[in-house]
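The chain below stands alone and is given as structure tokens, in the form predicted on its own.
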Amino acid sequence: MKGKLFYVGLILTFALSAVAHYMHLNATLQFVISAIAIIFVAGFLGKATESVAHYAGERMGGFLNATFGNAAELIIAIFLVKDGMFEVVKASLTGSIIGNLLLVLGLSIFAGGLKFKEQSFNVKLASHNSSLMILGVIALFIPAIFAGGLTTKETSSMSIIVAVLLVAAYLLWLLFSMVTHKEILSEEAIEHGEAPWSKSMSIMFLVLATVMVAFTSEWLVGTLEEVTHKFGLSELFVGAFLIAIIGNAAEHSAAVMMAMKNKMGAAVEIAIGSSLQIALFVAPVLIIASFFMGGTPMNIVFTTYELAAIGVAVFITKSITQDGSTNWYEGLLLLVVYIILGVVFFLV
């Protein structure tokens, strides 16, 4: 009965959100309905991810969740880049990175830690994740430091070279972690009962849930400008926090659900894996794509505020996850850092 009510709520809220959007109802009303719809869609994506992980393993399930979630975000960002809204794109990318590292991982560790005294995941995977996060920070900091002494053309050339290198590094990481060293970085098999759906049905529902996430996120983001203007919020805060939180709502839910079922390997892959994918793949692809859209291409130079936020997020996350074990207090520390950044971005 409980399951049936969930699916009724999923279909009903998604349909109402679509009606509110296409009927151009009041922006605040659209925002509220779409926000409720995203909660149900996020739950659906979480169930689909868990079912896929049952067949493919926790790491692959988490990777697919992060990839499908970021695919929707990449598509939306490409349209923003085409319109020349580079600063909004960079702010939302920053928000996605710090949101996944601090909010998503923090909530997952905290919620899982309240149920289980200590949770663990592959320590070698934690070490590699830390190295990749530092690579992402270096790739963003170095261009920003030297950009002041370069011409616009030189900055563009530097951006495309760095972007290509980051994409290559990410693709080789997938080869390393999923093929050549798959056994070393995989999680220990843990029995979690039967999957709710068959393998093919699980994959189909994962794709369907991702499409629903893309629509509801776009509808919700479409109301943000009017709603935030009404409540007097800054563009930096909106881009780095509100859009990022809303755009990644499904990943938030899925990661927390995994952690509460003691599947910390999948939760880490969703949170940290998604951040790495944003920094090493999504952002570089957007820079490369902008070169083929005509006009001024987007560069890889982020603002001081954005770099500071990313650097702090990576530093505290590396410190907490490098031993391959977590508890509720470590999750709380990540959430505290996220709140501090949120307050500062709100007041700037």
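In case it trips you up, residue 1 is the first one in the sequence shown, and so on. Here the structure is a predicted model, which is why all the values come from computation and not from measurement.
This protein has a second form, the form predicted in complex with another copy of the chain, left out of what is shown; the following refers to that one.
- Just one of Thr152, Ser234, Ser131, Ser198 comes within 4.5 Å of another copy of the chain in the predicted bound form, counting any heavy atom, and that one is Ser131.
- In summary, among the residues Ile36, Ile288, Val312, Ala27, the only one with a non-hydrogen atom within 4.5 Å of another copy of the chain in the predicted bound form is Val312.
- Only one of 265-273, 80-88, 200-208, 155-163 lies within 4.5 Å of another copy of the chain in the predicted bound form by heavy atoms, and it is 155-163.
- Another copy of the chain in the predicted bound form comes within 4.5 Å of no heavy atom belonging to Val32.
- Interface residue remark: Ser319 is counted as part of the site for another copy of the chain in the predicted bound form, having a heavy atom within 4.5 Å.
- Taking non-hydrogen atoms only, Leu347 approaches another copy of the chain to within 4.5 angstroms in the predicted bound form.
- When another copy of the chain is considered in the predicted bound form, Ile138 lines it closely, a heavy atom lying within 4.5 Å.
- Of all the residues from 310-348, those having a non-hydrogen atom no more than 4.5 Å from another copy of the chain in the predicted bound form are Val312, Phe315, Ile316, Lys318, Ser319, Ile320, Gln322, Asp323, Ser325, Asn327, Trp328, Tyr329, Glu330, Leu332, Leu333, Val336, Val337, Ile339, Ile340, Leu341, Val343, Val344, Phe345, Leu347, Val348.
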